[in-house]
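Below you will find one chain, with nothing else, as C-alpha cells; this is the form predicted alone, and questions on how it binds or moves follow later.
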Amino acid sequence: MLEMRKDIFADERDDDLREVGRPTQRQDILGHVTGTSAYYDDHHFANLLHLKVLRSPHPHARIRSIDDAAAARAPGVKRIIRGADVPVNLNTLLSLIQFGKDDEPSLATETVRYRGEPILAVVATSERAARQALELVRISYDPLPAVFDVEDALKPGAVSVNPVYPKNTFDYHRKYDHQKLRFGDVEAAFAKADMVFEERYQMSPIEHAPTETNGSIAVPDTNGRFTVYTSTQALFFSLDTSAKINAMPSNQLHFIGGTVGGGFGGKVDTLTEPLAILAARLTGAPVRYRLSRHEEMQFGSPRGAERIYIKDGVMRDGRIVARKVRAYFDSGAYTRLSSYAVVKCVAHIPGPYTIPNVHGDVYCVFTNRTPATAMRGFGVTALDFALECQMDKDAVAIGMDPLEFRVLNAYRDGDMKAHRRVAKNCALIECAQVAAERAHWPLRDEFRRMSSRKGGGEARAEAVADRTLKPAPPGAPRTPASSSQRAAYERPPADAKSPASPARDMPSPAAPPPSGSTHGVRRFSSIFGTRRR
C-alpha cells in the first residue's frame, strides 16, 4: 500500500505549508472582486425555456389524482412533464458504484414521502408563466401517517417510509441492516472499569445555504448532443446520473462546470440536470431549471441529523478501557449519500485514541424528512463532536486535565487500531503539545516528554505507571458498569470568580488537578458553555 511520503510527492506540491498569518491570494480572487467570475447562470440563449416543479405539501401521502389540463392550456406553457415521462424514474446517486438500490423518483407517481418532493414539472417561456401554470394543477391526496424520529422509525409497527427498504434501514451488502465494529470484549471491560459514563448526543439538520442555489441549463446541440451548464460539485457523478435517468449514452452529454457559488457538499446531489435535459429533449429548446431559495431549503439536501450514544469505561489512572457507540443517521425519505456517511462514521470509531475494547453499531434510517446528503466531513464531523465532548466529560469526572487525558490515550506508532490496522505516522501528541504551548495551556513535564513515535502501548503503560494521578488502591470501591454512573455538569454561578464546586453526584477525583495549573476544568467551553480564560 502506497503511503504519503514526501520524497515520492516532492515534485507534486510545495511542502512549505506555513500559511497561517500570511496573505495568500486565492487563484480566483480577481474574478470575484471584479465581478467577472462566470457562473452557470451567466450563459444566455435564444428561446430559453424555464422549468418549475410542483411539490408535495404533505410529508407522507398517497396521490389519488392529478389534473393538469388547465395548466397545459395556460399562456406560455410548452410542456407538462410527469413521472411517466421520465425514462428511468428511480435512481440513487451511489448506484453508479453499485452501492445501494434505486429508491428515489425524479417525479413522484403514486406516493410522496416528504414535504417538497417533486411531482410534476411545467416548462414555459418564463419562470412567471411556469409558476402561474403550477397554480392551476389540481392534485388530490390521501394523507398517510408519517415518522420523523430515527428510533421511532425502527420500532415494531412503525410507518414504512421507503418501499425499497421496508424496514426503514438501508441494506448493506443486501442483507445487513447496519454497519458494525467489534474489537475486544467491551462488556468484560466495562465490568472491570473504575467508572462508566454514558451520554446521548443529538445533532440537527443543517442547511448549506449557498449564495447560488442549485441550477443548470441544458442546451440541444446540432449533432444530437446536449451541453449542460451546471453548478454541480460532482461533474462526472452528475453526468452519469443524468445519462442513466434519461436512458441515453453518456457521450451524448457535454457537462460544463465552472465557478460554484457555494456548495459545501450540498451540490453533490444531481437535483436539476436530469429534468433540464429531459425538458430540452422533449421541446428541442434550451431549458433552465434553477431552485428558488425556498426550494433550496426544502428540496435541497441538508446535513443529516445524527443521534449518537457513547458509553465509556475509564480507569482512575486515565486509561479508556472500553468504548461503545450506537448511532443513527437520519437519511430522510431516500438514500442519497447517508448510507456512505454511516460507513465513514464506523471507520472513525473510536476517534484517534487507542482503546482495547470497542463496540459500534451505526444505522442509516429512513424517515419522512427531506433526504440528507454530504456536508463538509459528513459522517465524521458529528461523531468527532460527540467523541470529543465525551473525552472532556471523562477527563473532568476523573479529575484529569482534558488535554493530558487526550495525550495519554492518543494513538502512538505501533498501536493496534480497533479496525485491526497498525497505527503509523501518528502525530496527535505532538499537535497537542504545540497547541498547548501556543495557547499557554500548562502540561506537566511527563506529558511534554511523550511522543507519538515511541513504543506504542509500552510507552503508554510506562506513562501511566509514572503518573502522579495514581490508580485507586486495591479494594477501593469501584463504580459498577451495571449502574453507569454519570457526572453531573452545571454552569458556574453568574457571580462566581472561580469554577463552581462539583455537583454532589459527580465521582470524586482520585487526585486534585495538577499543581500550578492556571485553569480549572469548569472553564472548558464544550462542556459548560462558559468562556475560556
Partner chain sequence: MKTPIQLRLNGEDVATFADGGANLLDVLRYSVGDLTVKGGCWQGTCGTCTVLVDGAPRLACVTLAESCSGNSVETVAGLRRGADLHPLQTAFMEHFAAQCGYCTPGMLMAAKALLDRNPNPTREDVVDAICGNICRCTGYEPIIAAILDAARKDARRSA
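As the structure is a prediction and not an experimental result, all values here were calculated from the model. Positions refer to the first chain, counted from 1.
This next part talks about the form predicted in complex with the partner chain, which is not shown.
- Annotated contacts: Q25, D42 and R293 all touch the partner chain in the predicted bound form [non-hydrogen atom within 4.5 angstroms].
- This chain lacks the partner; the member of K324, R79, R319, H208 within 4.5 angstroms of the partner chain in the predicted bound form by a non-hydrogen atom is H208.
- Of the residues G261, G284, P143, P87, just one reaches the partner chain in the predicted bound form with a heavy atom at 4.5 Å or closer; this is G261.
- At the 4.5 Å threshold, heavy atoms of T373 stay clear of the partner chain in the predicted bound form, well away from it.
- Using a 4.5 Å cutoff between non-hydrogen atoms, T34 counts as a contact of the partner chain in the predicted bound form.
- By the criterion of a heavy atom within 4.5 Å, S338 is excluded from the residues contacting the partner chain in the predicted bound form.
- Interface residue remark: R288 is counted as part of the site for the partner chain in the predicted bound form, having a heavy atom within 4.5 Å.
- Just one listed stretch, out of 261-269, 105-113, 155-163, 309-317, contacts the partner chain in the predicted bound form at the 4.5 Å heavy atom level, and that stretch is 261-269.
- Shown without its partner, the chain has E212, T213 in segment 212-229 as residues with a non-hydrogen atom within 4.5 angstroms of the partner chain in the predicted bound form.
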